[in-house]
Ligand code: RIB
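Form predicted on its own, single chain, as structure tokens, below.
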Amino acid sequence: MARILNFGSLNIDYVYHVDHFVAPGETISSFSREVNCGGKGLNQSIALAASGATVLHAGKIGPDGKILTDLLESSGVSTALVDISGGPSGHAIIQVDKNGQNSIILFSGANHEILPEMITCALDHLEPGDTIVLQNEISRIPEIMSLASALGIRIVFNPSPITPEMEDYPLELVSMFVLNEIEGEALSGTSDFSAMPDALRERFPGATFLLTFGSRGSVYVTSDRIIKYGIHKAPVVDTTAAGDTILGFFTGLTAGGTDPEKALEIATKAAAITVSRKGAAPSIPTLEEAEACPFPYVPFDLF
């Protein structure tokens, strides 16, 4: 069974359902408010575990964050490497509009209190050839990358959110990038989706890439192969954790030996189920649900 360390964010999500995203100077009422567990790190750990991987989560929460570790544990994720801060946990303010699209404001909280000794302790639990998953919602990402690479650990990086500081990260150490359209444009230097694969190959010749294009589908890119897969068209309720679901299922399945083409199919089916449900982490399906996805397939047609 694949063993994966996710050194990632843990957030409490405050979700407001609205008719439309609030504009500058505007005050609107929400239809409802929900409090959920979230953070890209937490969502991805749950999706990784759902894919069948053995998952350890490293990160930091505040005294208000027990709800987060409880959910991870109940989802099959080890939280032995999660530390507790004296300050608040990270949280997010999420608007979900009538079309199911989301707009998110993040507060980092304890996610930006990662200490050097936490990194060393977490990496001691891995062996060469194991995988570490990173996002850009915690502190000390460059140190984690450098130490993990020196130990022969495979690095999967989801550069979200994109920040100016990221240009100074040792990105040449990354084994696989997981990118949406915005992140793909930022790292490839082109807004032409069809040109992104070659541009990314040229900039990062040692990496592979999982590019997600929302309602158009996804593409997996290696040095000599491009695998395209469309979507399974589901009624859209909330898109919040769709990308995290694809990352978790694809990474977990391929780390466990599944062929990338089959892994991308299952990951896409899982994401379709995710967008058909409310919430972030609560919307992520089981592997059995993903494999039995009832929604019809629409081929990839972007390029």
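Computed from a prediction, not measured in an experiment: that's the story for all the values here. Just count from 1 along the sequence shown to find any residue number.
This protein has a second form, the form predicted in complex with this ligand, left out of what is shown; the following refers to that one.
Scanning Leu173, Leu187, Leu71, Ile104 against this ligand in the model of the complex with a 4.5 Å heavy atom cut-off leaves one residue, Ile104. From the list 46-54, 258-266, 22-30, 237-245, the contact stretch for this ligand in the model of the complex under a 4.5 Å heavy atom rule is 237-245. In the model of the complex, at least one heavy atom of Ile94 sits within 4.5 Å of this ligand. Using a 4.5 angstroms threshold between heavy atoms, Ile284 stays clear of this ligand in the model of the complex. Interface residue remark: Gly38 is counted as part of the site for this ligand in the model of the complex, having a heavy atom within 4.5 Å. Within 4.5 angstroms of this ligand in the model of the complex, the stretch 3-36 places a non-hydrogen atom from each of Asn11, Asp13, taken in sequence order.
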